[in-house]
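In the block that follows, a single chain appears as structure tokens, in the form predicted on its own.
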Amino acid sequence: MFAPNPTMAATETDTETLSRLYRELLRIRRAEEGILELLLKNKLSSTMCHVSIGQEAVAVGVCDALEPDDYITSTHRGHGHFLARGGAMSALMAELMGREAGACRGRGSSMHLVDASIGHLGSNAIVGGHIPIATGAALWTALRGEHRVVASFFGDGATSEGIFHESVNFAAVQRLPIVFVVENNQWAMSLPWAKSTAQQSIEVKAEGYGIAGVDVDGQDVLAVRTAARDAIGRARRGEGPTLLGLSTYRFLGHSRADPSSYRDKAEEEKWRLRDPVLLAHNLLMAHDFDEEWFEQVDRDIAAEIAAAIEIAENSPPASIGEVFSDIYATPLEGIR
């Protein structure tokens, strides 16, 4: 059963908050549409590019509930997390295009985004590989007596990895200030959620660890935000971790090369009716927002993306001569 009630969340949310959330949903959607266009034009530094179109409410709802000093870790499908956390559009575009103006100076590309200045401790190409990093960050902040909370985003496929269990179990025992965000888009590449686990409820799974768990409609940004605020509040009060199960859907294939022929088209259409951008749009329409307002938001976002791409294209490419800069290890002797 999904919780909290999205209708109740809508009535308790002011239009300023709702309009802000809508802008961010659309901003991520348009950014990733633009990224796909750049990919088709062969302007990205790598063909490995995974978009989160259809899943935007997860990133927006959770990140909106965080405080500026909190941390997140992200996945190979992490453009939305980066932007929702406050990452600059130009830093994202330049990174994907392999330019020095990128968040990692063009060295990380799509699957390795990092920006410590906004509390983004990194996305990771290894399924579940960032979950122990988030757990370690939560341990560190707890040992220092800080009040920071860590939100770790990962997909349903990562819940089948051993490191997921080890991290959640350790965090539960230590009552660490972390929220494990299960971004369940129903498919671990071509493996459906129903065939990858005997217990599909994240709330029930959490009981085995002795921690809070909740199943939430991940397409409803208000429901996500409300559940995230509750989980973050528990963590900040020293009440331990939460398993936050957000049911969502990727509208496109696993990557650009995946036509997702393994999915039923009726299923895809059903989920498209639950488009998080559309749902937020309809709520605002119910609050008497007119089409001119929506069109202006779209124009503003288009201008931001165009300016970001221009900045990226005018930035020099990442240099092979700087490949060993900004790393912690000393290069091996003779390798330059």
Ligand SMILES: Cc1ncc(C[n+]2csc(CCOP(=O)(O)OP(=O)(O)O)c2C)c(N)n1
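Don't overthink the numbering: it's just position in the shown sequence, from 1. Just so it is clear, the structure is predicted and the values come from calculations on it, not from any experiment.
In what follows, reference is made to the form predicted in complex with the named molecule, a form of this protein that is not presented.
Stretch 155 to 163 is the answer when you ask which of 135 to 143, 99 to 107, 155 to 163, 222 to 230 has residues with heavy atoms within 4.5 Å of the named molecule in the predicted complex. Exactly one listed residue, out of Ala116, Met189, Val173, Val204, brings a non-hydrogen atom to within 4.5 Å of the named molecule in the predicted complex: Met189. When you look in the predicted complex, the only residue of Asn185, Thr242, Ser123, Ser90 with a non-hydrogen atom within 4.5 Å of the named molecule is Asn185. Contact check for His254: a non-hydrogen atom falls within 4.5 Å of the named molecule in the predicted complex. For the chain shown alone, Val127 is a contact residue for the named molecule in the predicted complex, at least one non-hydrogen atom being within 4.5 angstroms.
Heavy atoms of Arg148 never reach within 4.5 Å of the named molecule in the predicted complex, leaving it off the interface. Contact check for Arg77: a heavy atom falls within 4.5 Å of the named molecule in the predicted complex.
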